[in-house]
Structures are given as C-alpha cells and as structure tokens.
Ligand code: GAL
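Next up is one chain by itself, shown in structure tokens, the form predicted alone.
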C-alpha cells in the first residue's frame, strides 16, 4: 500500500494516516473576480474536492513584464485553499510564454517543417530546444519553488502542462543544432551516422555535422531513419525540458514530489512515455473518451497502459471531462452516469486521483464550451450533482481502495512507441498500419473473452506473464528478439502479428526473409508482403475475414501448425494463422492479417487455452462486463464495468459490493447500463 507521506504520491498537507483519493480539477482563479473565489471554495467543500492544479497558464500574471513579479493573487488563493482543506498541485506556469517574452525574443517561436513560424495567440508557442526560452522558464520555476516550496498547501509540483501537445516537432535552427548534438551522442562519428541512415542511398552521405538537418520539407520522401531519429529526438528534447525544470524543483524542494501530465490516448503518439515515466515521482495522465461506440474500451485500454507505465503503482488522472469537450467537429455531452463510469474505470486501473479540466467553466476564451465541474449554469445542474455524488463515492464508498495496487493479470499486451512512429510515416508497403488500433483490437478481444490483460511498455517485465501479445512490433532490436525467444523457450506463449520483426533500431530491414529474427521462433518465412487496399477484405478457410494486410508465408518447421489458410485474395491457399509449439511447453503464434472481431476472439480463446488461462468471471458475464482488480495486503477490490446499454444481473460473484449496485424487486443485484461497481473480496 502506498505510504500516505511518501515521495511517490502528493504530499497531503494534513498527513493522513492512510492513503486517500485525490479529487479535483485544474483551477484558474485568475480568470475570475475574487467574489467568485469564495463561491468556488464553498462549492469545492460541497463537492468533496481536496486537491486542485493551480497556475498552469499564469506566467503572464505572475510576471507581467521582465522586471516585475506579482505573487499577491497566488499567495491569497494558496492560503484560502489551504484554509478550506484543499491541497495544491502547483504548476510551474511555463506551458505558454507571455506576450512580452515572444515580442522581445521571437527566436523562441517554433518553426514548422515548411519553414513557417508558429506565432503567439494560442498556447505552447515555444521551442523545446530554445536556450532563451529555457533560461526564462527556469527563472519562473525557480521563483515559484523559492516562494511556495514550504507553503502548507503544496502537495506536488506539476511541470509545465501536456508537454508536446502542440510543439513536439520544431524544425528551427535551435532544433537543428540540438538534433546534431543528439545524433553525435547516439552515433559518435559521422561514419556511424552514415551507416545508420544508409546515406549512400540517394547520395545523402554527410561529410560534416553542419550538413545534417531536421527532416524539413524535401523534394521527395525524407530518409526514413532520419524521420525515426527525429521522432526520438523530439520526444527526448521535451523530456530534457522536463528534467531541467525538475532539477530546479528537486534542488530547492527535495521533499515535494514531481509529476507532469502525460497524454496516453489514441490520437497522441509523439511522446515516448515509456521513457518519460522514469523522470517523474508519480505518473499522471490526461484522457478524453471518444464519444462513439467502443469509446469506453479505448478509455480502458489507455488507463491500463497508464497503469503499466506506473509499474502497477497508483497514478494520477490529471484531466478528463465531466461532459462535452470543445475541440472535436461535433461535441456531444456525456449521458447520465457516463462521467462516473469514465472516472471509476480509471480508478479500476489504478488511478488514486480523479481530476477534471476544469473546475469552473470559462466564460470566454477558446475553451469556454469545454465542460467543467461547475458548468455555466452553476451548481443547480445535472453535472454538478453528478460531480458531488462522485466525490462522495470516492471519499466514502471506495475510501479503503485508495493506495491498493493493480493485481497483475496472467496475460499482457506489449505496446511499442517506436514501432508506432515507424509505421506512421511514408514509404511503407501500406499507409493503413496503426499500432494503437491493432493493440486496441486485441485488448477488445480480451474484454470480449472476459479475460483480464495488462498493457505494458516494451521495457517492462512481461516475461512473468503466461501469454504475451506483441501486435505490430515492427521495430525489433536484436536484444528484444532474444527476450522474446527466451520467453517462449522458457514456456511462455507469444502472439505476434503482421509487419512485426521487420527492422532493427536503425530502421534497417532484417535480411534473409521476414519476420527477421522471429523467423525461427515462429517456424515460418515470408518472401513478400501482400498488403490489402483500403476497404478490401480477404476470406480465410475457417470462415473469418481479414483486412489491411496479408502475407505470402512458407512454413519452415514441422512444429508449426497452420490454424487457417487464405481462401482468396493475393495469398490464396497460403497460411494465414500459425502456431509453433515448442518442446518446453511454450508456443509462438503469428497472425498475418487484421482479423474480424468475432474470429479474433475465437482465436484468442484457443491461444488462451493453450496457455492455461481462463476467465475469472461467471460465464454469463464474460464479454458483457469488464473485470479489473486492485489488491492490498488484506483484500482484493474487483471492479465490474457494464460494457452494454442494458442492465446486467450480477450472479455468481463472491464478495461484498462497495458501490454501484442496485437491488431489483426480486432481490437480485443489478449493474446499470454503462454502470460500474466495486466489490471487496477478503484474501486472507
């Protein structure tokens, strides 16, 4: 159980005897007159708010010009929050520079790949590699740490905000200089760079470091390894900024934990959070659910992956929405109950804080139509009533769950950011490849099968799992290939998919036939890819169908069983699904197409049986209800989420329901449509 006073979680000012859930939002009092502040504090007490993120976009208020600081308003609201029992996750205020800074130093503004300047007027208009911006940002960070490091309300530091949301790829001269330095550290010599980038192709060979540029607009396809390295560099440049601000905070306030809000969600791919997770004292995440069928499953996948980044420890949901957002083409509100479902599904996957953007809905500005805990209509609203009830549930019904950790499943999905980058660029056999979608497809199959699964970054200890699915693991260094081989030879069960194991860390093809170092493990060899056009499907002889991809496979091992063949399409008659059983009891399966949902579930069921894994839910609940489990020394906490739009009768479950279950007239326990419940099951 997490120590209530440890550095890997916010330092609660009142030093509680045991962990508690954090509940709150981004709070922007600078947008409102002081008379509204008093109403805010009253409503926060009513809603059960105990922590807020403060000062995210306040740089221009804190330092209105280069020679003036104004901390008076922040002093006042910090004091008032503390008096009202609300802790503060204090932002370093460096997310968006003020107008005086960009006017005096336009050289801090980012540049696009086509050479256009990104001007002020929105947010995050700064170069991650700008020495000028860094100097000014660290001045603000230092001033805040010196002034508030011992303030009794301070619970944690929040570095910047959504680093890279709008400025991850900068192609300026500052970026070019920093990119060259990054490449020197990675490759040491120009010969090493020329080899990695295969620069003899198209006469790109470099003879001086000054010739090396970011992948700006070019006449044709930019060097693929240059693109991959620039993606790595861009993520690392933002991570370096996180480190720079964190170093100031750790030096001046060593007892205060540090975090920053990741964005683990489907449309954000540019930051390698597997690397970043090692830089923070506790992991925080922002997630906005998709308002479409399957949106809750995608939320569950991302929350699960965030738990994987946190290595099973409690993490902090920094932002999600009470209802509608403002940045999609159409922004529908959430249905009654969905806000609680979304919040508690994050809790089920290990979140020990549930926070929103934002506390009070803005009256003006770009996000004035983004929902908040206090909407435009005020406290007399459905949203605020639901907000208040959720605060009660966290503080009362689920209080004992806080501090417990995710109970590991027996199966895992491995998610690789570098493969996601590599298959998202140009010059590939298909532009339809999508690592996030393929991983989510397999995650949904586990949910449909009623089997728990953990989503883990590539560098996690997935060898401890009985079954590992590695979808679209395109970038496969030899070291990772050896891990996979050793895992299967040691009795593990591996599933991998099309276009996996194709290139090494330099984006060089593993020669000798695909899938490179996995050929012998899988007992097959592929001479040619056969990608499928958009909208085209192929049939398999087991009645299933596939899209996106097919392969022309030659089976090379007598131990490899063909589970299904192509019935038509460019690979007709050839193997489509295979599994090689190893003498030590392990096995390695290969799926050469994007299977339709029903048959992916059926295949997964067979592979789970081979690994000896069964679902933990009663048969009639599997697929309809998602099971997630947290545990501490004395109990398991089983969260059940209704994935359907119909009520589900809960039968055959052990334990005591803590929240979220109604009792029918017949006395049975019922989980509402889109509802979520938590049950306590004593362990010993």
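Numbering follows the first chain given and starts at 1. Small disclaimer: the values here were computed from a predicted structure and weren't measured.
Although it is not shown, the form predicted together with the ligand is what the next lines describe.
Chemist: Since the chain is shown here on its own, which stretch among 538 to 546, 590 to 598, 284 to 292, 457 to 465 would lie within 4.5 Å of the ligand in the predicted bound form, judged by heavy atoms?
Modeler: Selected range: 284 to 292.
Chemist: Verify the contact flag for residue 327: yes if a non-hydrogen atom of it lies within 4.5 Å of a non-hydrogen atom of the ligand in the predicted bound form, no if not.
Modeler: Because a heavy atom of residue 327 falls inside 4.5 Å of the ligand in the predicted bound form, the answer is yes.
Chemist: Is there a heavy atom of residue 359 no more than 4.5 Å from a heavy atom of the ligand in the predicted bound form?
Modeler: So residue 359 does not count as contacting the ligand.
Chemist: Heavy atom to heavy atom, is residue 37 within 4.5 Å of the ligand in the predicted bound form?
Modeler: Result no; residue 37 lies far from the ligand in the predicted bound form.
Chemist: Examine residue 519 and determine whether its closest non-hydrogen atom to the ligand in the predicted bound form is within 4.5 angstroms.
Modeler: No, no contact at 4.5 Å.
Chemist: Honest question, do 230, 275 and 505 all end up within 4.5 Å of the ligand in the predicted bound form by heavy atom distance?
Modeler: No: no residue has a heavy atom within 4.5 Å of the partner.
Chemist: May I ask you to choose, among 169, 410, 123, 334, the residue with a heavy atom within 4.5 Å of the ligand in the predicted bound form?
Modeler: None of the other options qualify; the answer is 123.
Chemist: By the heavy atom within 4.5 Å rule, which residue out of 165, 398, 530, 145 makes contact with the ligand in the predicted bound form?
Modeler: Spelling it out, the residue with a heavy atom inside the cut-off is 165.
Chemist: Can you name the residues of 359 to 388 that have a non-hydrogen atom within 4.5 angstroms of the ligand in the predicted bound form?
Modeler: Read in sequence order, the residues that approach the ligand (within 4.5 Å, in the predicted bound form) are 367, 370.
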